[in-house]
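So this first bit is one chain, no partners, the form predicted alone, shown in structure tokens.
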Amino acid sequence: MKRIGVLTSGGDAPGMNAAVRAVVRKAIFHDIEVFGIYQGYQGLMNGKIEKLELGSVGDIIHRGGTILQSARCDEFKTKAGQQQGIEQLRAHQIEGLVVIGGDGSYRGAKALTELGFPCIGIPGTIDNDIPGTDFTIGFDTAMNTVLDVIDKIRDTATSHERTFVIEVMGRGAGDLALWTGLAGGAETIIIPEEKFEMKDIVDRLKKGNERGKKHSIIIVAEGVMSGVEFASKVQAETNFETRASVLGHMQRGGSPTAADRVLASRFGARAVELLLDGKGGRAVGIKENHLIDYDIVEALTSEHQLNLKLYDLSKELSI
């Protein structure tokens, strides 16, 4: 293999640039040319492909977002769109592709592999919702971004004796809510994976109030309901002054943490190694701090498993 391509797709995540850098430099170390594909699968179809040199990825390891940009592309879900992408790859004599993104990105990589073009998936999403890996690129940074906000909101919640509901991202997964809620000492964490009773939440808030606790932090995953809606329900049930904060896309931005930079570097290098071994249709992951790779179909057909022991722990510690 003499030429490979790399693209980022779907929602951006801190650490994607570190992964791109690792792919480029690992490949060049092995005398392989690397081509960057801009704007994801949309850019692939449109031929937005440029050769990347060592200097192309200089000074990007600390930058959030992705220098390759990203886009969503419904047309690439069709066989015609996928074939158009392969034609562009062959026109540039690219023999393998590294795809950095979430499950939608993996679907594109799987489709290309099934059409005879080897692809390797790298999990890049703040949602941490890709089955088969303990962590995804961007999750740790997003956690620290949310945690910083929780700490700041707790200051004002204490000063004004208010209940605050903080809505965090995660799509249908509760990882971001759970980990940040536990780390931030939230009194209540609401996630899609576990049912909740409003009565239980109200009772907990009232018991806290009776023992002199005048403020509370509630973390709600966006996959459950909006923070504004949940705050309205809490205030109606308790008569406690309640405010909602929806963090939104700020959770995707910012300079990646050391953990995300190292993880992305390991993932990127491993993806290149798999292509050099002639493998395609694989996904890179990490389990108990050991790099793994597995059939990308597993990532698309398995269910993401939340660590419910952490959820139980959060409830025990928030009494």
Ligand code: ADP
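We number the residues from 1 along the sequence you see. If you're wondering where the values come from, they're calculated on a predicted model, not measured in any experiment.
From this point on, the text means the form predicted together with ligand ADP, which you will not see here.
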(Q) At 4.5 Å between heavy atoms, only one of the stretches 304 to 312, 291 to 299, 20 to 28, 7 to 15 reaches ligand ADP in the model of the complex; which one is it? (A) 7 to 15
Q) Among the candidate residues 230, 76, 164, 179, which is the single one with a non-hydrogen atom no more than 4.5 Å from ligand ADP in the model of the complex? A) 76
Q | Heavy atom within 4.5 Å of ligand ADP in the model of the complex - the one residue of 133, 113, 82, 216 that qualifies | A | 82
Q. Would residue 108 count as a contact of ligand ADP in the model of the complex, using a 4.5 angstroms cut-off between non-hydrogen atoms?
A. yes
Q) So in the model of the complex, does any heavy atom of residue 207 sit within 4.5 Å of ligand ADP? A) no
(Q) Even though the partner isn't displayed, in the model of the complex is residue 90 close enough to ligand ADP, meaning a heavy atom within 4.5 Å? (A) no
Q. Does residue 96 reach ligand ADP in the model of the complex if we count a contact as any heavy atom within 4.5 Å?
A. no
Q) Taking 41, 72 and 103 together, does each of them reach ligand ADP in the model of the complex with some heavy atom inside 4.5 Å? A) yes
